[in-house]
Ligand code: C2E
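First comes one chain, alone, set out as structure tokens in the form predicted on its own.
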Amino acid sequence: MSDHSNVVGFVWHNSLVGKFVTLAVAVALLILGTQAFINYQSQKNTSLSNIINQSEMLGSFIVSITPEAILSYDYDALNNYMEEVNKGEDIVYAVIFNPDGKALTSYIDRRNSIIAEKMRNTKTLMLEKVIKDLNSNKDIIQQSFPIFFQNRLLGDFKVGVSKSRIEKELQSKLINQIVINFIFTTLLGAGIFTVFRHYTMKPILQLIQGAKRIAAGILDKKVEIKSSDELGHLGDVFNQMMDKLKTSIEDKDEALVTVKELNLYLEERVMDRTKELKGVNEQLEKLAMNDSLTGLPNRFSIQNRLNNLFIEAKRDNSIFTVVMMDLDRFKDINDTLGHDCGDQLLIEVGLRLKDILRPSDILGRLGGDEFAILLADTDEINAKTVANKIQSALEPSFYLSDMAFSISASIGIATYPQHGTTTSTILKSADVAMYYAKQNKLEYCIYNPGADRNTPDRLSLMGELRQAIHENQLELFYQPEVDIASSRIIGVEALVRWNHPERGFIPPDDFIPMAEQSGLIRPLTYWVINSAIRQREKWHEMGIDILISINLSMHNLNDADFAPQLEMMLQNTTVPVEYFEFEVTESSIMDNPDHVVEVMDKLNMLNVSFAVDDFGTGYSSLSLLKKLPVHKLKIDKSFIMDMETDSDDAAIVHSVIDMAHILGLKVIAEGVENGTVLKLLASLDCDLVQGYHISRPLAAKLITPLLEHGSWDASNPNSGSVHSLR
């Protein structure tokens, strides 16, 4: 096949000209065909209407002239009338029937194909049957005209008219019109194809050939389109694009040469840098795996080596032990002698530990003053021996900054597999054991699940405490504080209680430390303060004006938002601020005394009063007490409960009372559980007392009647007087 025929085939089947010609011809055929069909229907309806009108005129004529002939039995006249009917070329039959249905005269067109067919099929022509059959033929229109004379029915004139002649003529015209329309649309399509192919497809094909040349890399031959329309403009833009592409390729070739030269230079530089980075990576790997201060394996390295121990132990069905150790009073050394001395101490400790361990043992520093030792093939008994050797190694004095001092360590021991089957669990077990040893001042401790406060049950309880705070499941109990001199109940201490819906009563000593460790102490304290304020408002409305003491945690004093939140809560109550007192334990104050003094001074400006709780357990100094904006000291119950049998405790209580009075402070003794202790406190001029001998903590509805009474009776605890004690 030639290239030209390929182009033509391409143009007709795939190009715009084929689509356009097809669309134009289809539209023309649809319009002309529709017009021909409409003309056919219109002419058909008109012709049929004319036939019907003619038959109606004939019927009217026959009806008007036949009565006289029927009455006179003039059949010749009736036959003559039928001769007139014979002149209508479309009339198939015409019959005049008498009232009995018999034909008086008739006309039948024997030239009609239907009549001829009937006559061939019957020996005798039965006029009534033929007419009845003709009535069922769709090609014949039948009309009936009754003949009357003076309202008397003389007969019926029936006439049948054929539509076949008219329909044949109209169909012949329709076919001729279709042939003419087809010839017209063919000529129209050929004309459109010729014009479109020359003026539209030729430029488009030139553009296609130009695009193929560009794809083949031929950019010198331009597209020549001699046209002033949009295709001509497209050809100009196409040529401009070709010129820019040619320029761009030339620039690219030049750039590639430059890039190649740069790549050679960069490859040389990369080789040099790779050698440098290799040395740096080796150094970084060493730093990543070892502690920068002591040179010992760091936490990451210890975890990796611990993973290897797990794999070996599982494979060989062997055991190993993890020893966690931190130094006691290391913070004091850092704060006193400085961080340089502290760092030197850590280095010296690391050296001593390495001297007592086997080559197979792994010693590492986890951070701060915390060390870890991995002992392969070592059980609890041998781990205890190692712990004793560690303590012995630390006994000789360390010499730092021309000073000699000794140091001890708290050691925790956990053994695989009984204390943990994963890296994290066994490290946690050893850490818990170490923490327990430090808290209980033990040289070492082997992990005991009972001492682990972070058990799944405890974590579950922590979540339930959060829910209890949000859903208001807690309740405040109140324990009265009695003035010994007046026997009046001057205040109550608000104590939170938790009656778990499933676990039952949970002691405060269980959930309050948990709240402090988990961060729940903040919402818990706000709940207690808000609940105490609401209850104090109810008592204020009842005319009961007493002091409410609320306990604060060190975490509250370290919370930057606590002071403004407390101020807002106190401003939103109708009860004067002077009726609220906040208790802070002496040990909390001693953790960070300067910060506590600063926070308490800010709150004191709001007329908030403070009391030092558990006094005697925190070893605070007299100078610190003078700085604190407190109004009351609460002597710890550990001194009060044994003062009747322990002369030292009695002396301490006496000294505290005298010292507090010298400083202008009131003293309250908590933990008063019998009348003898109460009398001793009265003899020592103690101001206030609190304890089970006075009253256990009570719910608000139970303590309200006691507060309304206002005094306490020694003979009937919770309701009487103590006048006899003075």
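Just count from 1 along the sequence shown to find any residue number. Being a predicted model, the structure only gives us computed values, none of them experimental.
If you look for the form predicted together with the ligand, you will not find it shown, but the lines that follow are about it.
Here is the short version: of 604, 531, 112, 553, the single residue with a heavy atom within 4.5 Å of the ligand in the predicted bound form is 553. Contact with the ligand in the predicted bound form, defined as a heavy atom within 4.5 Å, holds for exactly one of 68, 673, 685, 56, namely 673. Segments offered: 496-504, 561-569, 317-325, 161-169. Contacting the ligand in the predicted bound form at heavy atom distances within 4.5 Å is 496-504. Residue contact check for residue 581: none of its heavy atoms lie within 4.5 Å of the ligand in the predicted bound form. With a 4.5 Å cutoff on heavy atoms, residue 202 does not count as touching the ligand in the predicted bound form; it lies far away. Among heavy atoms of residue 369, none comes within 4.5 Å of the ligand in the predicted bound form.
Residue contact with the ligand in the predicted bound form: residue 77 places no heavy atom within 4.5 Å of it.
In the predicted bound form, 508, 509, 512, 521 are the residues of 507-522 with at least one heavy atom within 4.5 Å of the ligand, listed from first to last.
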